[in-house]
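We begin with a single chain expressed as structure tokens, specifically the form predicted on its own.
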């Protein structure tokens, strides 16, 4: 991977700083008045998605300068490297070929693609048997429920996709367990029939502590229900590379699907990790999900920079993080089926780009990876939208809006759409002191009371947002949406000069947890290497569990 100049060293950076200063106090409404074509000019479409970014604090000149920044950062070469199998994950010496998982052709990766096709075929066979009701448990009962046990990328992606595609579900119900807190598994199993339940253990190493603990508890549940150890293979599948550990657990190789080290967990829902999704919606729908992502891949790889949706969204992220000081980003899906999308995107963006050193290990002195948060509309309007409209933080927003509903309640969906568009417009236009005073007078307050209270109703406006629309939320548009954010994340990593595909920051906590677990399990006394606060909390735990 070629070393590139860091962000502040790129020639366009200083010009963008000046443009940001000019636009910091700009009126978005004024920008629309000055450019009658703005609503059409600041849009782009691909793979069934339409991005309207006209309510961003941008001019044509600022957009041109941002595109110039991307060119100077070598983003186009970085995009080619991603698809060509270059080791873009330089700290681990690996490519990042998650795009191959949804590809319809090898694209120069013939050996790996053969592996993908073979795994996809086996995955299809497993999924279709369960989806059609041909898979039976130890008592001959048809499997009606599947529980996916994983964590991180082995949970967040499949959980999101399964929930988002609920209108397309078949006869098998899919459930998800990720938390090592025993309540997660126990609450999930409470209403299930062991004879009709199957489990998918998703763990590349088959040693992930939380996943293995839940898997062992699920196995005990099945054995206590009457299954024998030789019958466990009727109830357990695995997605792993550690076939021996799976065999030791009771899962034969024939029930195991592969994971590859050239696919990170948070990019893996397109692989066998998505088996539960394929079971839930059927293989045809899952194939449409893959095809939607591939369509976005092709757009990302071949479109012009000024029309490239992931690149444009990445440049907006850079614009607000590095030139406006916004340390957060809000995603608001106005579709109940997408309520898990912010959870998924939190891992995708913050685990990928939450880095403080460059690809070469140099300490960075600029912001990377904003905190991502959000929830499904309209619920957020009655909790945190107050901060978006009147708070002191700058919170750039992505609104995500399917234009039609799978339900029969058209009027309720009109209300939902109206709320989404209203929130985006309100962020832009705000409310002036005089408008607030007039609103209070219309409510019946006298002049003095209205003048006193008016400042509390003022909204500054000029708060940036984009609106991503699709005709409907279906497997294809969902695949395109997730791929859009994947590629946006990668482009931002290229611009920040960081590796978006490693996650060394999660390792130390695991190591220390293992040390503390040993203390809790073996009853060992005080350790000079442990801090006093942790020692005190260990003693409190011992007192509570004696």
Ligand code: F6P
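Positions refer to the first chain, counted from 1. None of these values were measured; they are calculated from a predicted model.
Quick note: we don't show the form predicted together with the named molecule, though the next part is all about it.
Using a 4.5 Å heavy atom cut-off, which stretch among 368-376, 127-135, 472-480, 347-355 contacts the named molecule in the predicted complex? Contact-bearing stretch, as computed: 347-355.
Decide yes or no: are 154, 208 and 265 jointly within 4.5 Å of the named molecule in the predicted complex, with each residue judged by its heavy atoms? Every listed residue reaches the named molecule in the predicted complex, so yes.
Of 204, 120, 385, 98, which one comes within 4.5 Å of the named molecule in the predicted complex, counting heavy atoms only? Of the candidates 204, 120, 385, 98, 204 is the one lying within 4.5 Å of the named molecule in the predicted complex.
May I ask you to choose, among 34, 517, 506, 39, the residue with a heavy atom within 4.5 Å of the named molecule in the predicted complex? Checking each option against the named molecule in the predicted complex, the one that comes within 4.5 Å is 506.
Indicate whether the named molecule has at least one heavy atom within 4.5 Å of a heavy atom of residue 60 in the predicted complex. Answer no; every heavy atom of residue 60 is more than 4.5 Å from the named molecule in the predicted complex.
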